[in-house]
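Read the single chain below, which is given as structure tokens and is the form predicted on its own.
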Amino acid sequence: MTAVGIIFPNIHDNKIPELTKMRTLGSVPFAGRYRLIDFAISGMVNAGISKIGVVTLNNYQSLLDHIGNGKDWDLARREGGIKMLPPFISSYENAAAGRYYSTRLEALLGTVNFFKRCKEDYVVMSDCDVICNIDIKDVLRQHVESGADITFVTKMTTPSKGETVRIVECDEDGNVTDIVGAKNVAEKVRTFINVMVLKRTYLLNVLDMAIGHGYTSFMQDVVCKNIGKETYKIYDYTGCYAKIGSMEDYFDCSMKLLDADMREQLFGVKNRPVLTKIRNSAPTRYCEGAKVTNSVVAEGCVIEGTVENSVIFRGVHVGKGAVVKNCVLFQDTYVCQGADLNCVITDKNVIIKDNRKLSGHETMPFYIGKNVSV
């Protein structure tokens, strides 16, 4: 049993426009030293998948810088490895007229040649808007044993307010009976978490059919029209899970990382490490008078002031007398002396000048864009 992985880092960029203005959702920083795409790549690598395609659209310079040749995930290989798949446009089409893809199916149509060159039996597809540590090997095992055409990974969860989800209904044998889009769901439901497994030959047949019929939506034009005709199964994931559907979701999930149990469930799973790009940074320096409580602090920082209930990325400097509470500070943020921050998210290379007081709220964190000086 062999499998190839496909990751969509751009599909949900519009959910957090503040953070994806200059990057893909997959390259959004998380947990002090990771990017959101790390969870999808690590899940596949931990399952023994050594060929992964990343279907890009735009703003993927930071993604290229993060992934590099894939050596940090053991994917720097002559055969297989990780491959960037930019959107396909012929010389006879006008990209400015909106010819780039806008749906998952349109993105897949641009990768047909990639799949035709593959020899693997199965395809694992994943988005980057979900934070979890799935045992992809077990999903593949169940998919093969069941003989399903597609296996959808689902999770019993209560969606956050305003979140649009796909509710998956199934019978007692795990056969999908319906998939319904819904918003503002206030009860616990089984939702599709944007990870699926299918046969490579089945996917190629679907893509051929889509080209012939002019289909644009994988879920509406392919899956929903064939429920009951094809064999669609579910795989219920029961581990740690969070979905990034808004800036508030991102902030809430970052704050949940301050719970040691949450970190253990996400990063401490035996034989399923979350891998990321390694940087040879010096250890964080805690100066005299520094006070840090209940926080995640990456390497390479200098802490002179007070940090409470915060996530601090690499290279951050918190000046003397500064107070940082309930914040997420991206790489190389510089907080000068006497500054007071509460519920603030700073992007990379932000400077907070002396004695500035900035505050948001848990339900609406205050965001400061990249390279901004306040």
Partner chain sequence: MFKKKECVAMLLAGGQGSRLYALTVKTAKPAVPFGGKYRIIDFTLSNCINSGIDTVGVLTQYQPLVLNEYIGNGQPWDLDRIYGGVKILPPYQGQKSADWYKGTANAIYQNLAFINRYDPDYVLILSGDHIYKMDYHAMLQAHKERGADCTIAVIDVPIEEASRFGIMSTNEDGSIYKFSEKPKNPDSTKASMGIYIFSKDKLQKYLTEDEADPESSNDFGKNIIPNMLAAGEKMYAYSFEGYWKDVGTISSLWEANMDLIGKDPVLDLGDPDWRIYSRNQSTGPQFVSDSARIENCYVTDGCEIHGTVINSVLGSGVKIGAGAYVKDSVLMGDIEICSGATVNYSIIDTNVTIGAGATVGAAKEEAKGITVLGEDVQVPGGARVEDGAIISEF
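Numbering follows the first chain given and starts at 1. From a predicted model like this one, the values you see are computed outputs, not experimental measurements.
Beyond what is shown, the protein has a form predicted in complex with its partner chain; the following relates to that form.
For the marked spot (F267, A290 and A298), a heavy atom within 4.5 Å of its partner chain in the predicted complex is present in each of the three residues. You can rule out all but one of 109-117, 268-276, 162-170, 242-250: in the predicted complex, only 268-276 has residues with a heavy atom within 4.5 Å of its partner chain. None of L258, L204, L198, A210 but one reaches within 4.5 angstroms of its partner chain in the predicted complex through a heavy atom, and that residue is L258.
In terms of contact with its partner chain in the predicted complex, the residue from N184, S281, Q220, T158 that brings a heavy atom within 4.5 Å is S281. Mapping the unseen interface onto this chain, R104 falls outside it, with no heavy atom inside 4.5 Å of its partner chain in the predicted complex. Taking the partner from the other structure, its partner chain in the predicted complex has a heavy atom within 4.5 Å of a heavy atom of A31. When its partner chain is considered in the predicted complex, Y286 lines it closely, a heavy atom lying within 4.5 Å. A residue is said to contact a partner when one of its heavy atoms sits within 4.5 Å of a partner heavy atom; K71 meets this definition for its partner chain in the predicted complex.
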